[in-house]
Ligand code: PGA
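Only one chain is included here, represented as structure tokens and corresponding to the form predicted alone.
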């Protein structure tokens, strides 16, 4: 299992960030450092990249360089030895108005620069009859992944139903597994074999074990990633 901890726009002070990261480091057995990925805000990435825990950026642009004020290039991430990047998170789609096509462009450039994208997707509303339609409309622009040159690239697909995020109401495992199977069928094992399926949405130390499944390869954890008591309990699972 892979555990991705998304700090979002937290904490607001550098010393708090260093303290939180140190807590992760001290709570993990060294042999398990590679089982987790931490995604802090951009400014904190340089503080941690030599510490042994893999890091993810929370976004990147779809160009390597140029007149794009406020954006972060995948080449910049690469120069800091960042290996992962979260793309298309529901909050980016909501507040930055990112489209499916933009997310796909970012993923393509990230992969071409040897970054592993953590591609987020998931329906807005809890309506089963619309779930698959919404999900696959988000994934349709990723048809470039069918190209042979991408077939062996490592890619994370993170299913995060928006209605479950921050509500305390995670999606039932049976539904998560159904989506995982649909995703495998959509991409086709013969075309796209080296991806991991993650689940995210109201995960915490009390329910995360319920999502251990042969169809779920890991988790994208939001709010719980900032609470030391929660982190400690989750990392106990990582260490076990």
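Numbering follows the first chain given and starts at 1. The shown structure was predicted, so the numbers you read here are calculated from the model rather than taken from an experiment.
Here the subject shifts to the form predicted together with ligand PGA, a form of this protein not shown in this document.
Check residue 218 for me: does it contact ligand PGA in the model of the complex (non-hydrogen atoms, 4.5 angstroms)?
Result no; residue 218 lies far from ligand PGA in the model of the complex.
Is residue 223 close to ligand PGA in the model of the complex, meaning a heavy atom pair under 4.5 Å apart or at it?
Result yes; residue 223 sits at the interface with ligand PGA in the model of the complex.
If you check in the model of the complex, is residue 202 within 4.5 Å of ligand PGA, heavy atoms only?
Yes, residue 202 is a contact residue.
Exercise: residue 109 in contact with ligand PGA in the model of the complex, heavy atom 4.5 Å:
Result no; residue 109 lies far from ligand PGA in the model of the complex.
Considering ligand PGA in the model of the complex, find the one stretch among 140 to 148, 127 to 135, 76 to 84, 157 to 165 with heavy atoms no farther than 4.5 Å from it.
The contacting stretch here is 157 to 165.
Going by heavy atoms, what in 55 to 92 lies within 4.5 angstroms of ligand PGA in the model of the complex?
Counting only heavy atoms within 4.5 Å of ligand PGA in the model of the complex, the contacting residues of 55 to 92 are 89, 91.
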